[in-house]
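Encoded as structure tokens, the following chain is the form predicted on its own, with no partner shown.
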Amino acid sequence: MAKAAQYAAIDVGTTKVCTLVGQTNASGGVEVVGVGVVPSRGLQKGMVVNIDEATDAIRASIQRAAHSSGGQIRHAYLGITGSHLTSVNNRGTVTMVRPDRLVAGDDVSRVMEAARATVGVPNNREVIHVLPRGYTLDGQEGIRNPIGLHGFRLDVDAHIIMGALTSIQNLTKCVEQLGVTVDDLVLEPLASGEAVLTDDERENGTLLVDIGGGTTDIAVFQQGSVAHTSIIPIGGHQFTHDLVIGLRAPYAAAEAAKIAHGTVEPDGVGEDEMVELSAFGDTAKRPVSRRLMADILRARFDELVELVQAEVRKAGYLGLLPAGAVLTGGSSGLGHLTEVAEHLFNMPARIGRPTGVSGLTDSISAPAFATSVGLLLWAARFGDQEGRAQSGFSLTEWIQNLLTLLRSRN
């Protein structure tokens, strides 16, 4: 019997570190066979601020996942986020060099490299993804896969994602010094989209809003591909910190109250509803108004929606996303979030929960694990049986393809 392909994914978030191990089952699906979730340390707004603390947290997560899967983790896909990440859409063009003018896989690699090469990446930044939005062959637009078609000129509209070289190095160092090879970096909202979006939503136009602990990651999908990505440095920690200030409560107590009683619809809370909350320097609890909590959370959510809408407007997709907004991430569990989001965004909204995997899913079925599950699905989609990247448009593969192209011309 052939050995099942196995993959690993590591989601290093501001709140938690989650490592998943999966393998393909008989039906070709992905079965989760290992889970390791631990509190995160050493990260702030998605970026490493203390390498030793971050490495210790990642080590604990990997060890738990390896123990539950019954094997070792040697390769993994790694999620990345943070305000240092930027994106741009660019066009690449190549001509067919074979006598039969037939588009082959190396032609697609060449046109993707052409799109990347004309961006002009500074020395202190690194390309993470070069993703095709659509191809044009001899003026015919709307081509999803040009391989096998005949033509003279191939163009691609590509979405290119870049990050600060030092931030990338710090994150990968935390993992690789544990003896785990990072096969590919994956932008976290892209991973979340793998787990929570339907094909219909991707095709017709949707806005993914992943509200994490330190950042809110957004991605616009249209015509089956990603059209815009952005990272906003506001997340669940900012919601909790507002409660700390407004309620004069310790962070841990404010976080617990937010999870248990938080809502972004003050009108849905009675004037006399109270919540017991610990106070600074006092073991006794005191009552605080749940309406006041809701007012504080609503103000922060209103600000977050304004920032998201500004990004969508800047990308030129405001009012052009009929499939609506899909909200996911750990902070999407606030009460009445869907109804308020529909009103503020002026389009349909729903909460995105991870799907597409089987096995040990009881502990990873909440929206907080959308990125983790999506990373595992990404690994299964683009990796080989050891999880290593096969995509030609990742951080390192484009270099190898370029060298091959240059050698073929000599």
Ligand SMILES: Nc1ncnc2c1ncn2[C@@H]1O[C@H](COP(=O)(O)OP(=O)(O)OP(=O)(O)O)[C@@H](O)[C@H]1O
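From 1 onward, residues are counted along the sequence shown. If you're wondering where the values come from, they're calculated on a predicted model, not measured in any experiment.
One more form of this protein exists, namely the form predicted in complex with the named molecule; it is left out here, but the text below deals with it.
Shown alone, this chain has one stretch from 157-165, 108-116, 95-103, 229-237 that lies within 4.5 Å of the named molecule in the model of the complex by heavy atoms: 229-237. Shown here without its partner, the chain carries K258, S331 and A368, all of which come within 4.5 Å of the named molecule in the model of the complex through at least one heavy atom.
T215 belongs to the set of residues with a heavy atom inside 4.5 Å of the named molecule in the model of the complex. Contact check for T14: a heavy atom falls within 4.5 Å of the named molecule in the model of the complex. Although the partner is absent here, G46 is a contact residue: one of its heavy atoms lies within 4.5 angstroms of the named molecule in the model of the complex.
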